[in-house]
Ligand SMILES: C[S@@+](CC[C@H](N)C(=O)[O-])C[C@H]1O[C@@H](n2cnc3c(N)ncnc32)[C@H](O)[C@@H]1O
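One chain comes next, on its own, written as structure tokens: the form predicted alone.
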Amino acid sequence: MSIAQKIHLSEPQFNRLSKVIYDRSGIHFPEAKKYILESRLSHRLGELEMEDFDQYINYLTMGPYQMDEFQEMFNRITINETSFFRNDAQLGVFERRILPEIMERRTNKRLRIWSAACSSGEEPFTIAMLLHRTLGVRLPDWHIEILGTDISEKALNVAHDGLYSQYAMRQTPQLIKDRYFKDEGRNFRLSDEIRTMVSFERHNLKDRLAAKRHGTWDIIFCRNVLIYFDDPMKEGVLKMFHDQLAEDGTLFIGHSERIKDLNHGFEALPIPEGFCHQKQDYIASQQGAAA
């Protein structure tokens, strides 16, 4: 069989495969997107010299290499679409409003930021550059922890390497490029002073116990990820963020994501282009104090 041959994914096979993906990652593939799994995985079946998706699903769920294969499959069925300084208006809200307010309250000069589902690291590195720019000579006075997590080991390997394509840099201001990057052929190498500000770790957003081990965060970014989840998974992830966020902390989500009708304990801040939320109890306590 040619590895270029497209292999049909039947409805029962799709149901089995999509359930495996959902159970392990929380990503929901509706039937309308069956063609995505069929087209992106047919080549993989050819590489493995498999005749049909039943063989592949068995390999994915019962074979000794099932976890390795899940990573390989995940890398093929997801698109890690990201870039530095993505949604600059929202980042401006973070840098000029949310960050100064929470740093003023942190008299212990400790700040913890979690970039969840960070893909290949552009988001947490962007946050690090904003902090580096904002604090300047005051940076050594602060203990800052920035953690980037993702389910994809392939994406995290890019983050660890710190080498990015021109496409990843497409929204990066020239002053930032000149200050924090060096040309390396057709790519850009991030400076060590920024790379050392961020640590990375593989994490599945379904794993609440792993999140709990990291303790409390002052700010959580989880942008353009919830759109891949169904409502029960969204509520579970938001509940996890609520549990792990400091009482006065802030959650940033993607501009296309809507969580208003979900049960999660957050309330949107009335900041245009902010797409940020704080705990309802904290907002109520602030309003009560101001009354």
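In this text, residue numbers run from 1 along the sequence as written. All figures in this text were calculated on a predicted structure; none of them were measured in a lab.
Not on display, but discussed next: the form predicted together with the ligand.
Peer 1: Just one of 175, 137, 209, 79 has a heavy atom within 4.5 Å of the ligand in the model of the complex. Which one?
Peer 2: Among 175, 137, 209, 79, a heavy atom within 4.5 Å of the ligand in the model of the complex occurs only for 79.
Peer 1: Please tell me which of 86, 106, 132, 112 lies within 4.5 Å of the ligand in the model of the complex, judged by heavy atoms.
Peer 2: After the contact test, the surviving option is 86.
Peer 1: Does any part of residue 126 reach within 4.5 Å of the ligand in the model of the complex? Heavy atoms only, please.
Peer 2: Looking in the model of the complex, residue contacts with the ligand do not include residue 126, since no heavy atom lies within 4.5 Å.
Peer 1: So in the model of the complex, does any heavy atom of residue 218 sit within 4.5 Å of the ligand?
Peer 2: No, residue 218 is distant from the partner.
Peer 1: Give a yes/no on whether residue 13 approaches the ligand to within 4.5 Å in the model of the complex, heavy atoms considered.
Peer 2: Although the ligand is absent here, residue 13 would stay clear of it in the model of the complex, with no heavy atoms inside 4.5 Å.
Peer 1: Would you classify residue 234 as touching the ligand in the model of the complex, given a 4.5 Å non-hydrogen atom cut-off?
Peer 2: Answer no; every heavy atom of residue 234 is more than 4.5 Å from the ligand in the model of the complex.
Peer 1: Look at the stretches 30-38, 222-230, 50-58, 260-268 and give the one with heavy atoms within 4.5 Å of the ligand in the model of the complex.
Peer 2: Single hit among the candidates: 222-230.
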